[in-house]
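Laid out below as structure tokens are two forms of one and the same protein chain, each shown alone and named structure 1 and structure 2.
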Structure 1
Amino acid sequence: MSDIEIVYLTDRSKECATRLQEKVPKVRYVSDIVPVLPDIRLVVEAASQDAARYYVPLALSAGVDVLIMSVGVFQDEEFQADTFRLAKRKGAKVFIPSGAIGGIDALCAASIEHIDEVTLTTTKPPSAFGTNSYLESKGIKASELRERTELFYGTAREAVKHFPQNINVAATISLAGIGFERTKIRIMCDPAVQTNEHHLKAKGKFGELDVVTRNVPSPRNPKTSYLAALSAISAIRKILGHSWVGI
């Protein structure tokens, strides 16, 4: 993007960060973002909920806007409240991209009036789940499943706790709609599918919403969808630009 002069990159793995730096123009690795915060307009978290917990307050305290990919961190009500309160006090903004799912703009609009229910059914292939402590506690090995199997059904809050790398979209629709407790999530594993599918349904005073998104998994990380990365890029372009389609 021609409007961007420089991108500072930090990661807990210096080796990974420096390899990426070599491949991408305008990127400079820094071991600590604090010294360069005065020069930064936007901090983009694209790592983990732990990274969000550390870097988001750090950036907002300096009055710097943040874009958060690990949206599941907001299932922690205290962190959510502290983050939005800090952003308001410092005059900074918190941006949450739509990620790997369609219909977020419509859900946000619908939430202005009463919404009766919001449900999300996510279906992914076994390779998307990797090592997961929740599944291990249930004695489930996704790699050994031979038929479509329900792995989880419950609230969005519980879903993002148990599947922090798989279901950030649950947190996004919770924030856009009726919250983490009232939003219901079903997670399916299907050896027959090659895509990450998200089926969002909502019903309320506005009418009914029924959106299916079938995503190609990210080439290097099957736990997430390629569309999620594209969503972040799209959001950055809007933040830097002068128009915004899909509010």
Structure 2
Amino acid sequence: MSDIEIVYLTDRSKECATRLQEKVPKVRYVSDIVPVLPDIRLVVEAASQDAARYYVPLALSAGVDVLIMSVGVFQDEEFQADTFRLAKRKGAKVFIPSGAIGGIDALCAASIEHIDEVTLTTTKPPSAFGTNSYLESKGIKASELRERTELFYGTAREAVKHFPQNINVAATISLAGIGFERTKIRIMCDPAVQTNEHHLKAKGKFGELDVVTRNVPSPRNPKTSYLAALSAISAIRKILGHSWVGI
């Protein structure tokens, strides 16, 4: 992005930060963002919920806009309310990209009117589940499943508790639509699939929404969907640019 002069980067692992700094000429590593905050237009959190809890209030308090990837942090209602209140008080903005799922723009628009239901069905291969204490408590071994099997159906709030890998998508949908209690999540394991598939369905006064996203892993970071990284880049382009399609 030619408009951007400098990207300040911080990471609790200096080694990771240094590796990235070597690849991108505009990146400058800082051990602490506080001294550079007055020069920053946008803080991008792409690290962890812990990082969001620390850096988001820090940036907003200084009146700097933030883009948050670890959106699962907003399952904590108190943190959510405090963050949005602080942004308002300081005249700063909180940006939450659509991340690894399509249809968030339509869900936001639809939720201006009455929504009857929002359901997300996530289908993943057995390898995506790893060790999961919820499945262990139910006596389910994902690696031994030979056919498509429902592992969970319940509220988004319960889903993020039992399946933290799904946390960001469930949180984004809940925030865009009808909240963590009314949003329903179904989690399927299917040995025949290679992608992480998200099927978002909503029904309301607007009509019906039916969107399927089949994510491939990010080439340089296999535990993250490629679309999530692309979504962050697209969001930064919108925020720093002069036109905005799909707002």
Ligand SMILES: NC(=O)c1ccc[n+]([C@@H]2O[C@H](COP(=O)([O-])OP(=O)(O)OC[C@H]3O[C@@H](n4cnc5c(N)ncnc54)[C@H](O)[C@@H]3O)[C@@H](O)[C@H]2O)c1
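For clarity, a rigid core is taken as the largest C-alpha set superposing within 1.5 Å between two forms. Keep in mind the model is a prediction, meaning the values are calculated, not measured. Counting starts at 1 and follows the sequence of structure 1.
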Panel number for the form predicted alone: 1
Answer yes if the Cα of Gly130 shifts by 2 angstroms or more between the two structures on a rigid-core superposition, and no otherwise. yes
Would Ser143 count as moving between the two structures, using a Cα shift of 2 angstroms or more after superposing the core as the test? yes
Has the Cα of Gly103 moved 2 Å or more between the two structures, judged after a core fit? no
Mind pulling the C-alpha shift for Gln165 between the two structures, with the rigid core superposed, in Å? 4.0
Report, to one decimal in Å, how far the Cα of Pro219 moves between the two structures once the rigid core is superposed. 2.4
